[in-house]
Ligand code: NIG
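What follows is one chain in structure tokens, specifically the form predicted on its own.
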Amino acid sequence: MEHNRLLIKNAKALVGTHPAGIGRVAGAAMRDLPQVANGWVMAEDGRITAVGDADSWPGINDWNGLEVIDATDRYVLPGWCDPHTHTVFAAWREGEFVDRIQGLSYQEIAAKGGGILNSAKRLRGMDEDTLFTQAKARLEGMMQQGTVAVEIKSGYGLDLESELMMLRVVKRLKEALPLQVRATLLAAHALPPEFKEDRTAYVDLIVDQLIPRVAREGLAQYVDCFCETNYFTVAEMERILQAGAAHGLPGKVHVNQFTSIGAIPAAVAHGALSVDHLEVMEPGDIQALAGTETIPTLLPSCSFFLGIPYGPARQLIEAGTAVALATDFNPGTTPGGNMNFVVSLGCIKLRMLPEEAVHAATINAAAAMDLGHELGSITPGKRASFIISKPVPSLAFLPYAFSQDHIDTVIIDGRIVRAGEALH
């Protein structure tokens, strides 16, 4: 790869300029978002090399091959990290959208053959190249909206070969695109029809065959389970988490979307990296997360789309946790991967301060993919992956004016993937 050098200068502010060694921000500290006014940032070969303000302008002896971006009146933020998506899928499900408008619930749609099983049926009939091409286009759109890292789950195959195919697609996406990609095995997404009368046999398939093979072939970094009433039990989730841990795959699990059934204390006890959804929470669920390394990941655009409760961000922050935000991009319950909208919902519906929402969509979201040492802040040594805003009056204006596109330029690993006016 050719040598590349980048200088961003005259920024209204560099946002999220944490010192080295900070991999997440928790509790009350989330409202303290460090910024450097009138800032500049240097990068070489995709890594941040120096950060400063106007009084510490870098001495540049060699301007040859140096890409210079003038960010006057613009904020420079760490790129968005999206730690919970289902971006690889076969087809959209807008018919269920109409069903929901007519009064059917998520559970009622699933009971009549919709939902996850609908996606699985369509995916099983699709070839790998088509699946890859469609997912690549979705990720390219997300990159244009400022996403620089993404977690992608399987879970729409629900059999050995289809789940492996999904994860092979994720691996190809990782190789084809510049953003950081993490893969999660979510075979325990729903019970496939062929195992309707023998659910233990399906969990056996996941534990005895899928997890060992996925680990051996390096197809995923995490395991997941939809631990929910009418889906998978706490005991089944624990089996999957134990098997994942035995093969070096920590848990990132779906819990408490519709009911609280004891999944959170169990997931924490098994060392889950994150617990995701959390729309229905009891006080004991929040207490179980306090003081732990497990990251609560909230998905407000799912709540927005389904009309279900929003996760209790304020209580989780008050309990001292490192709250993260994610899109949950999927065809059934969140047909969009725009992290800018998620940050706005974090403020509008979760009552997060703009500074808290930015932390939740950058450094904490990176930590929920075990990427806090690589992304999520403008820190020397980390990846040079940034969003440069259009001229805006304040940082709060970004989530406040939620329907507008505030992004001028997107940079991933020191290279421009969306070019804006600041370049001209």
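What you see is a predicted model, and the numbers here were worked out from it, not measured in a lab. For every residue, the number given is its place in the sequence shown, counted from 1.
Keep in mind the form predicted in complex with N-(iminomethyl)-L-glutamic acid is missing from the figure; the text below concerns it.
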Q) Does each of Y156, Q257 and D328 have at least one heavy atom within 4.5 Å of N-(iminomethyl)-L-glutamic acid in the predicted complex? A) yes
Q) With the partner left out of view, is P192 within 4.5 angstroms of N-(iminomethyl)-L-glutamic acid in the predicted complex by any non-hydrogen atom? A) no
Q: Indicate whether R182 is a 4.5 Å heavy atom neighbour of N-(iminomethyl)-L-glutamic acid in the predicted complex.
A: no
Q.
Against N-(iminomethyl)-L-glutamic acid in the predicted complex, would I116 count as a contact residue? Criterion: heavy atoms within 4.5 Å.
A. yes
Q: Report yes if any heavy atom of F304 sits within 4.5 Å of a heavy atom of N-(iminomethyl)-L-glutamic acid in the predicted complex; otherwise report no.
A: no
Q | Which of 134-142, 332-340, 166-174, 289-297 lines the interface with N-(iminomethyl)-L-glutamic acid in the predicted complex (heavy atom within 4.5 Å) | A | 332-340
**Q.** Of F97, Y310, W92, Y106, the one that lies within 4.5 Å of N-(iminomethyl)-L-glutamic acid in the predicted complex (heavy atoms)
**A.** Y106
Q: Can you tell me which bits of 43-79 touch N-(iminomethyl)-L-glutamic acid in the predicted complex, meaning any heavy atom within 4.5 Å?
A: none
